[in-house]
Each structure stands twice: as C-alpha cells, then as structure tokens.
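Before any questions on how it binds or moves, here is one chain, the form predicted alone, in structure tokens.
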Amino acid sequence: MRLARPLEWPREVTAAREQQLRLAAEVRSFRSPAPPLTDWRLVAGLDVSYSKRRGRVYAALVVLDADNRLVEEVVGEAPLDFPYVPGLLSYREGPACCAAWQALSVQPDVLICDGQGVAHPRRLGLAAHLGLSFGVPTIGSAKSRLVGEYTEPGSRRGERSSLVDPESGERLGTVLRTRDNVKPLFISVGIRINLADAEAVILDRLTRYRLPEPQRRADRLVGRHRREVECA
C-alpha cells in the first residue's frame, strides 16, 4: 500500500516533540466529530518488537476478514536509531510500521495499533500518528495506561469506564474489559473514527483472548519473526 501521506521522522528528541504538537493539531480536525464507521470487514492489527542485539525494529501487520480468517500478513523493519523516551515511541517504531504498511497489497477498513491513540500527553500516540500517514481509521489498543484517570470497570467482559484528563476533563478513551477477570485494555481513537465505533470494533474482534484477534496475531507474528531473525 502507498502511504497516503509520507511523514518525516525526526531523529532528535526536541524536533520530534515539536513535530508532535503540529501533527496533534491536525488529528484534532478528524475528531469534530468523526463520522460513523459503516464497514469494518477487513481489520488489521499492528504490533512492534525490537532486536537490540541487531539494532532493528520489526513491525507486523495482520489483516483478517469478518470471520477472522487471514487475508494477508507482512513484516517491515527499520533501524533502531531513536532513544527510548516515554511519549515518543512513535519515532522508534513508526519507520518500521510504515515499511510494513508499504508491503501490504490490500487496504484494511480499520487498523488496531498496539499502543495509544489520543490518550497521550500531546494527543499523538502511535495510532494517531500512523493514521495521518496511512489515511485509514485507526484505533489505539494499549495494554497499560499512559495518561488520564479512570475508575476500574466491572470484572465482566464488555464492562467499561471512561479515561479522562483530570485537568481538562477531556475524554481520552475507554478502559475496556475484554475478558472476564483479566486486566482491561485502554482504547483511544487515532483518526477517522469515533470512540463508540472504536469500542465496537474491539468487541467485535474478540475471541477467547484479552487482545482482539488482529492485534493478537500481529503480536505473535512479530515475536516469531524477531526470534527467527535473531537465531539466523
């Protein structure tokens, strides 16, 4: 797939933060409000893994159909050449994610990223950042909280609570229980999707695991690829 909008990836921390602020203003324009998502037959999951020994970042994209059957899976890679800075992980992971996207031959209707959307200090987590480049609806599905406050949702699958900025009162996302009595996921929008539809996509693609199936399979694929490369 061609990138809808190729982005520069600054390699210096100050320049990256400055770019985030500019791009976050663009992301806000997609939330005023985002139109309903009418079709999500093809859902992609994205996850990333690092090989510090090889100095590489690997990103896996897995596209599934409405019955969670495999449509396509690809892996992209890039140098590990940006430092670990909380809130700037897009700059470590983004180039590899773009390489994976460009290897796809089919465009998904929506993309689930293992990471944050707008639930981010500068409102530009990985899902929002990549959404600007890929041009498709994106959802952040994170295993842990980066910003915001919430009350613990009920223990049953499908129960949820709001993730809120305590200073502004802004709704940042949803804390969603995806399996009975397991830790919830932190769901936030990227671009071109509203929060209710983002929740619906996640719930629709759950099987018996904590992660929605496209995200889970991307996690497995990228981990397997990294291990194979490191053992080669």
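As the structure is a prediction and not an experimental result, all values here were calculated from the model. Note that residue numbering follows the sequence shown and begins at 1.
There is another form of this protein, the form predicted in complex with the DNA, and it is not shown here; the text below is about that form.
J.: Are any of the heavy atoms in Ser144 no more than 4.5 Å from a heavy atom of the DNA in the predicted bound form?
T.: So Ser144 counts as contacting the DNA.
J.: Give a yes/no on whether Asn181 approaches the DNA to within 4.5 Å in the predicted bound form, heavy atoms considered.
T.: Asn181: contacts the DNA in the predicted bound form.
J.: Using heavy atoms and a 4.5 Å limit, would one call Leu111 a contact residue for the DNA in the predicted bound form?
T.: Leu111: no, not in contact with the DNA in the predicted bound form.
J.: Even though the partner isn't displayed, in the predicted bound form is Arg226 close enough to the DNA, meaning a heavy atom within 4.5 Å?
T.: It does: once the DNA is placed as it appears in the predicted bound form, Arg226 has a heavy atom within 4.5 Å of it.
J.: Counting any heavy atom within 4.5 Å as contact, can you tell me which stretch out of 80-88, 158-166, 95-103, 67-75 lines the DNA in the predicted bound form?
T.: Selected range: 80-88.
J.: Since the partner is left out here, which residues of 105-124 would have a heavy atom within 4.5 Å of the DNA in the predicted bound form?
T.: The stretch touches the partner through Asp114, Gly115, Gln116, His120.
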